[in-house]
Ligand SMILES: Cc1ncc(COP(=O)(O)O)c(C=O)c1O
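Let's start with one chain on its own, the form predicted alone, as structure tokens.
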Amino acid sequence: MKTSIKDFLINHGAQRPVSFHMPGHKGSDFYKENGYGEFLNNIMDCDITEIPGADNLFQAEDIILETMEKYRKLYETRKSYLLVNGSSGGILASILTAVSKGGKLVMARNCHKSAFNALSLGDITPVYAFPETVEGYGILGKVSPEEIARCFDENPEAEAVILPSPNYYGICSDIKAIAEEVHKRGKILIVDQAHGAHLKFFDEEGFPKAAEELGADLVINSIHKTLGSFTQTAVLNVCSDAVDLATLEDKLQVVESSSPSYPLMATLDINADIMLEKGKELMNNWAENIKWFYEAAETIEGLVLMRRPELDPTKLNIDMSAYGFDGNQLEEYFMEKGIFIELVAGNVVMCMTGIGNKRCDFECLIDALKELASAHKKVETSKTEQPQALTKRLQWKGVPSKKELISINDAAGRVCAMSIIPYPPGIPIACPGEVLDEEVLEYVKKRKLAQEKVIGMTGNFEIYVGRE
């Protein structure tokens, strides 16, 4: 008999694993140590519906409005909305608010899949802004203001811009300069800050500023990824008067569940209280642990860490290929040590730190890296780039109106009709309207054969293309 979901989760938790993946609370200790153990003990009794006094997420006037006000105060925004279907719902609602049905949207080519879903919901035509490639790693990095300007020069009718900052690896774009470029044209800037909900609360040098402080109009934060709420909770921040609140609230009702989870909303409330009461202390501890890790890592010969001015240092991008370990092998090694990481990209593993990580977690990570270095000889290696398929610019033909399911072996030269998305990181490698080529198809086929997740491809290696 296969293990059930419940048994897997209980068994995994019983191992007391070291978490360098989302969510940011890293387990029950965070709530217990900050005075919210009683909530964990009574969580089943907190699962209710909109009974009298419980307020309503879509017409907040009482206790839910109070939590919204806490986030408005924390992020210093015009208004903040609670999200219970992750940042995805906030991204969908923001795009559908900012772009007319049938309109155009300037969007970073490395946006999360939810942004691409909004295109079909709103019959929106994308104008792709291509991020730079991070030299030596082959991953997509920041989007330049010049690239945004190019998109608008060629498509002046586009109504808004959306881009991720930080992206999955922690690389931030110059939001202030991009906001100036967008606003001088009278357009709206949406920032998918799902991976940067914590940035507003760091005072130390070396941490990027939050998009709320840099001129964005709409900012979506996954509170669960790095802060203290449960998975699937997020906050949408409105930062300017350019956004029509009535339209936004209508779109939020369209994309969110009509039965929002009260336990999930309660964890957003708990996180807000913790940040208001203890946020400065917790963020200082987190910053000190990050600083300690980078200093300790410098003593390990052969260890390479991604260090860039635009990088959020809470994302630890680790490369131990000097000892013959690629990213997948390094992940396996870490799991043997009880350490679970967020993402593998070529030779790099990305460890996502969070507000709930303790110094002992970082010490375990350093000890594991030291042990690997001492137990293995260095090998002659050259920097291994990510496959070009991940950063390739595909020819654009236009989103097909009709589609058919065919074998991937017959898809070269056909127009993609449904996004093909290796997951993680959840960024499409081919989007609707792009012409598929052999290199991209071969890459995703290899991922699928390796038992990795590829959204948009069936178990029979079939994909959707435009019907000819």
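Residue indices: 1-based, along the sequence shown. Given the structure is predicted, the values throughout are model-derived calculations rather than measurements.
This protein has a second form, the form predicted in complex with this ligand, left out of what is shown; the following refers to that one.
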Do all of Asn85, Tyr168 and Lys225 end up near this ligand in the predicted bound form, with near meaning a heavy atom within 4.5 Å?
-> yes
Where, among 86-94, 151-159, 271-279, 295-303, do residues come within 4.5 Å of this ligand in the predicted bound form by heavy atom distance?
-> 86-94
Partner-free chain; cross-checking this ligand in the predicted bound form, the single residue of Lys142, Lys200, Lys187, His112 with a heavy atom within 4.5 Å is His112
Could you check which residue among Ala118, Ala108, Ala194, Cys172 gets a heavy atom within 4.5 Å of this ligand in the predicted bound form?
-> Ala194
Contact of Pro164 with this ligand in the predicted bound form (heavy atom, 4.5 Å) = yes
Which residues within 317-353 place at least one heavy atom within 4.5 Å of this ligand in the predicted bound form?
-> none
